[in-house]
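Alright, two takes on the same chain below, each alone as structure tokens: structure 1 and structure 2.
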Structure 1
């Protein structure tokens, strides 16, 4: 959410910065509503002042007049309510403004590689895809999931289920013990206002799974990422300076409809309606956002370093970034079967964009109340890490070596082999 004052002060600058998002919108309606809003506010305030003075004077002769003022105020209030709804509808649908150093471009083709790390494994056989490997081991079962649930779900079984759990535990341990994050086990269901706070609503309702509760006025959604629930821990709150930075980590299932991506990655577990993800969230003073973004990104890549998985870091172009982000680094892991890098983490700074939506504030050094900065990043997507391990650690016989750092989490198992 943007501050209407910023838009009002320099509409053309604001418009230009949204052009980086390839949005050419007409701000006139917004500005017109804003002006009208302020005009009516002034009228209303004058009446209120008058009314206040009458009641203070306790002069009975003026009481009738006060009543008639009340009626006028009622009319104005109704008009204002309507304007406010319209204003907020427009404002809440505007995406965040890309930070200065974000490459401008329409889509992922303008993303820029920042760095590369790790060595790409050489195979003296044709590497298999994760779903071939998993199905041959009888440890990934897509057909069964289709039967019980539907498409884009999977049963992970036996030692791969253990591996999935190990990955998750390993990552959380690194983030809590070495990276200074506090572990959270949050609700997996979020209220409508919580979803609004991080920017999933109102614009992206179609991507969300809504839960049916008895009370129809109280809408609830399965979280599409722990970012939603963790970031909203600061909702409607004023933090003390000494509580910052707040760094949170959670491993949770995520639920996404992924509407519009049908036909993409239909095979395997790259794109599922449900997947586990270890999520990092930082709540910081807004001027520290970009430093924190680098820090967070390093926390994520550290996991890949420890797992000895090759990856690259890219900066997303303005057109490819998420709605709430001002700057995003994606980390892509090497997948031998696809012979390319695939996204395994996405770390974003949202500046004060989300904080403004959810009224998440703190008292700064000068004792002023200001909006916080929020960041979120995957550290990492568990399902995709499983895929990357399957593909990068596969052996010619179809078995899977276990990365050194995961062995303690897997009863010191060396290898996953077919029974």
Structure 2
């Protein structure tokens, strides 16, 4: 969320910044609401002062006047509540402002490659897709999942289920033992206010799985990413400086409707309603956000380096970034069957955008209470890592070699073969 004072102080600058998001906002309504809000607050404070003076005077002749003032104050409070709701509705719908070095563009076509790493494998046969490989091994079953649950779900079985678990455990071990993250096993259900805090609500409500409760006012959702629940660990809290930076990691299932992806990646595991992900979250002093973003991105790419999977790092354009992000690096892994790179991680700095929504603050060196900075990133998407291993480590007979670093997690198995 944005600070209304910053918008008020330089509305044209704010409007120009939002244009980088290709959002041409008419600020007149927002500024008018803000002005009315401040006028009514002043009017209310004057009335309260007058009422207080009457009370001090203990003049019974002014009793009726005091009652009249109380009624006026009640009317003003109701008006202020209405204005507050309208102000928050507008402010909560506005995306974060892109950082200065973010390339300006409407979509992914304006993203810029930063670097490439690893060697693209060469096969003496036509590489198969992950879903062909998994189905031939009888270890990926999409048809059964469609029968039991619906489309965009899968049964992962036998040694591929073991591999999926191994990937997750390996990532958690690297992030906790080498990268300095604290492991969290969080709830998988988030409240409405928690979803609001990280920016999933109200803008992206159609993409969330809501849970039905008897009390319709008690709205809760399956988490679309552990970012939501981990970042909100700082909700309504004031941190001490010595608690920062706070670095958290969790391996959880994630649930998304993929409402805007109709017709995309309908085959295989690339885009599913339920998937596993190892998520990284950092809570830092705001001026350290961009340094922390580089660190977080390096922690994510380290996993791919250890797995010896080829990848590239790109910086997202202003129009392709997430709602809460000020700067985002995507990591894309090479998929031989598609002959292209596909996203496996997205690491974002959100500045104080989420912290303001969550009222997450800290005491700085001057002992001032100010908003924190938050970051999040996949370290990595487990399902897509499984896909990348299947395709990059496939053999001509359809078997899958196990990456060296995963063998200790796979009972020292060298290869997955069809039974």
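The structure presented is a predicted model; accordingly, all values stated were derived computationally and were not measured. In this text, the rigid core denotes the largest set of C-alpha atoms whose superposition between the two forms falls within 1.5 Å. Positions refer to the first chain, counted from 1.
Structures 1 and 2, same chain in two forms; the form predicted in complex with the RNA is found in structure 1. Superposed on the core, the two forms differ at residue 64: its CA moves 2 Å or more between structure 1 and structure 2.
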